[in-house]
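A single chain, nothing else alongside it, follows as structure tokens in the form predicted alone.
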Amino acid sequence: MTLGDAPPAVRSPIPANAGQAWVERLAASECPALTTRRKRRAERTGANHDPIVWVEAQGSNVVDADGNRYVDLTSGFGVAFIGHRHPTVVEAIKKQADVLLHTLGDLYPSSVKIELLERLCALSPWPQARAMLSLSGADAVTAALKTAVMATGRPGIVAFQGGYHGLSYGPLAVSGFAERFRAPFVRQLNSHVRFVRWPDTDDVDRALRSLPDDWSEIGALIVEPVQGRAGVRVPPPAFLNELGERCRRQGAVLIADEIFTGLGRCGAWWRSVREELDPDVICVGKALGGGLPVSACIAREEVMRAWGDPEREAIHTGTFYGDPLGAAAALATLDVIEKQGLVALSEERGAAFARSLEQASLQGVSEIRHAGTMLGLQLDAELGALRVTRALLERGYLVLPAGEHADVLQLVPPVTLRQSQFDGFVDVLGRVLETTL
């Protein structure tokens, strides 16, 4: 079986000699916070948490420095939605690299950047849209937050407990996933953010009534259509629509963070639109570049027009925003998603994967949540996901812990993952749960 569609093959301890040598070099050069995190996890779970070091990936498979092969159910934090190293994307990158690597950004853009902007605006849910390109999801959220204050003149933002929007300063201020992320920097963050419970529109109303002038200082509300890092928390059907109605009544900009959920991951181009949220701004990233760092903030034209004062300089830009390689990779990725019908396939395969999990009657799993190929398994044991993810890694499966208490297994496989690969995972998962929890 070719690399990409193959089952796991773990033939040595992880990490073994080659991998351990890389880990030691890593510990001597990376920020100590990351090494400390792994040590802390080992102390809390009683298991080794040294990482594997990737050297190759294709389709749904990853190969480490020791030659072990894994089935990737993380798709690299959701980036490899169409699979690792998709040949169409690789070909587009090579072709672009032969002619143009860099331009003068917004001053003298490349033709491929303009094509990507046009493509993203055409994919938007609005008749007229404008977009700003950047590199990371956090960049896209930063652009969205800036757009909201430009459009409304109001500094206040409503955000959700459990929401995760990135860790640079603007996004960190509205990320309610864990207080510990914000605590060291809180004095430097936007103090006009109001966190409300998820998913609770009544709490939105209560929080706003506590303000002196109700909605008057609130310029934006930011929401993930499905909370990913918090544990694949899917809101009830009417929740997102009700949020949209509140924002429209009060003139606040509604930002849909589709960085994780968009581009087909949840069975629709835009999960927010499918659930009738009717956003004003959409943030997209992760899967957009097919493996390269590309993101975008897309907005209604009337909202983005707030940037259009001709007397102003370009007050939001970046040297590598809209770089030719990233733009070419993104255009190729969008081609693959459209031409191969991967949005519908994500809905179909996600439902099949969820059925496989439900039929397995997994010990220690109290709930299975999914939206397309974004799945979350709620475990009964706090910190259980840390132990289970390591045990699965040792058996050749890459999954991620999620939830504030590390009690959710997050599965976001490439949409190209075979049912046979997933069935093998479910079988191993059942045995791991019985011996680990």
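Note that residue numbering follows the sequence shown and begins at 1. Because the structure is predicted, anything quoted here is derived from the model rather than measured.
We do not show the form predicted together with a small molecule, though everything after this point is about it.
*Asks:* Specify the contacting stretch among 190-198, 93-101, 274-282, 251-259, defined as having any heavy atom within 4.5 Å of the small molecule in the predicted complex.
*Replies:* One stretch meets the cut-off, namely 251-259.
*Asks:* Do Asp323 and the small molecule come within 4.5 Å of each other in the predicted complex, heavy atoms counted?
*Replies:* Judged by the heavy-atom cut-off of 4.5 Å, Asp323 is well away from the small molecule in the predicted complex.
*Asks:* Consider His84 of the chain shown here, and say whether it contacts the small molecule in the predicted complex, taking contact as heavy atoms within 4.5 Å.
*Replies:* Contact check for His84: no, nothing within 4.5 Å of the small molecule in the predicted complex.
*Asks:* Going by a heavy atom distance of 4.5 Å, is Gly170 a contact of the small molecule in the predicted complex?
*Replies:* Gly170 lies outside the contact set for the small molecule.
*Asks:* Heavy atoms within 4.5 Å of the small molecule in the predicted complex: does Glu224 have any?
*Replies:* Result yes; Glu224 sits at the interface with the small molecule in the predicted complex.
*Asks:* May I ask you to choose, among Gly166, Gly156, Gly76, Pro109, the residue with a heavy atom within 4.5 Å of the small molecule in the predicted complex?
*Replies:* It is Gly166.
*Asks:* Of the residues Gly176, Gly264, Gly137, Gly231, which one places a heavy atom within 4.5 Å of the small molecule in the predicted complex?
*Replies:* Looking at the other structure, the residue within range turns out to be Gly137.
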